[in-house]
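Coming up is one lone chain in structure tokens, specifically the form predicted on its own.
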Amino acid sequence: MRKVPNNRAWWLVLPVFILVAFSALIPLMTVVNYSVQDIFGPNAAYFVGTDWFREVLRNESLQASLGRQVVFSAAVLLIEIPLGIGIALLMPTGGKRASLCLILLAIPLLIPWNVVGTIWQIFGRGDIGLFGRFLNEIGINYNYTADPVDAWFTVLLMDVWHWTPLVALLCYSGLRAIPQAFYQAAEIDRASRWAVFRYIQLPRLKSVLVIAVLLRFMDSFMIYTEPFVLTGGGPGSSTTFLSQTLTTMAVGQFDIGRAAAFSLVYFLIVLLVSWLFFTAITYPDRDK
């Protein structure tokens, strides 16, 4: 007897497809439409083809913003991923201390982005801020409002403080999911703590680290609110990242066509690098 396929499930996921179409695809197509036009007003738009894309790729200020963004995202990943793993390894495995650690780690994640920028704006001041005043007291000339290096370092430190707990919580959940039988076997074999981490914990954390790396890369590459509140992109353009450059182009200058082309290039860069990260991390498992 031939089995009749039941396509009723497609009707159940149809609302999801409609929601995605309205929330993602239609705005994306609108941006694509704007990227090939020179818009002068509501009813004054002229087709320019790929002129905006060529101009965006040759724009020196955008290239400088891209360079700052790449360096910042690389620094974020190099600091937050190992630091988050280390914090997760040092956390208690159970009891009230573990609950207290989880609560303390979650506090920075609950603070809105603009409030984080305001906190560090005060915290880093050399006259009343604890961090800035302390550095000045020990002989370090620190002023994030005037020194580009200090400003970039402060933005990086702010991001590390804000988002390293997310990596730590993800890694902690991955560590707690490892069966005790693995640790018991390692104890019987008298494996060192480094061997336990290298051959048991780190391989079991791979799926969690994929999520952590992708989340932190995408979020750091699209950072806007915190540096905008803290430094406003300055001093000069030392902390002006791609998202702020795009916002200035679209909202400040109302250059819709060029901003649309830039946003598509921006989107493709994030998509491509995320795919490269995912492929590099998960590729060794495909050979098994």
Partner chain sequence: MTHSKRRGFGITFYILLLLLPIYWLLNMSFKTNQEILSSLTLWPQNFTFHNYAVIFTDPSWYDGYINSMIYVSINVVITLLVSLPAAYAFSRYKFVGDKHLFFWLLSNRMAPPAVFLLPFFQLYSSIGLFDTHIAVALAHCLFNVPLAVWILEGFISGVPREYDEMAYIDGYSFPRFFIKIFIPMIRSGIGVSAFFAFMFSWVELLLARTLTSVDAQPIGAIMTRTVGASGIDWGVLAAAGVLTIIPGLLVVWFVRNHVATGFALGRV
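Take the two forms, superpose them, and find the largest set of C-alpha atoms that agree within 1.5 Å; that set is the rigid core. Treat the numbers as computed from the prediction; the structure is a model and nothing was measured. Numbering follows the first chain given and starts at 1.
Another form, the form predicted in complex with the partner chain, is not on view; read the next lines as being about it.
Chemist: Please identify the residue among 185, 195, 218, 77 with any heavy atom within 4.5 Å of the partner chain in the predicted bound form.
Modeler: Selected residue: 218.
Chemist: Whether 31, 103 and 251 jointly form a contact site for the partner chain in the predicted bound form is the question; each needs a heavy atom within 4.5 Å.
Modeler: Yes, the whole trio is in contact, each within 4.5 Å by some heavy atom.
Chemist: Can any non-hydrogen atom of residue 225 be found within 4.5 angstroms of the partner chain in the predicted bound form?
Modeler: Yes, residue 225 sits close enough to the partner chain in the predicted bound form that at least one of its heavy atoms falls within 4.5 Å.
Chemist: Heavy atom to heavy atom, is residue 214 within 4.5 Å of the partner chain in the predicted bound form?
Modeler: The answer is yes: residue 214 has a heavy atom within 4.5 Å of the partner chain.
Chemist: Does any heavy atom of residue 93 come within 4.5 Å of a heavy atom of the partner chain in the predicted bound form?
Modeler: Looking in the predicted bound form, residue contacts with the partner chain include residue 93, since a heavy atom lies within 4.5 Å.
Chemist: Although the partner isn't part of this model, could you tell me whether residue 237 comes within 4.5 Å of the partner chain in the predicted bound form, counting any heavy atom of the residue?
Modeler: Residue-level check for residue 237: no, no contact with the partner chain.
Chemist: Taking the partner chain in the predicted bound form, which residues of 166-181 have any heavy atom within 4.5 Å of it?
Modeler: 166, 169, 170, 172, 173, 174, 177, in sequence order.
Chemist: Quick one: once the rigid core is lined up, does residue 267 have its C-alpha move by 2 Å or more between this form and the one not shown?
Modeler: Residue 267: C-alpha displaced by less than 2 Å between this form and the one not shown.
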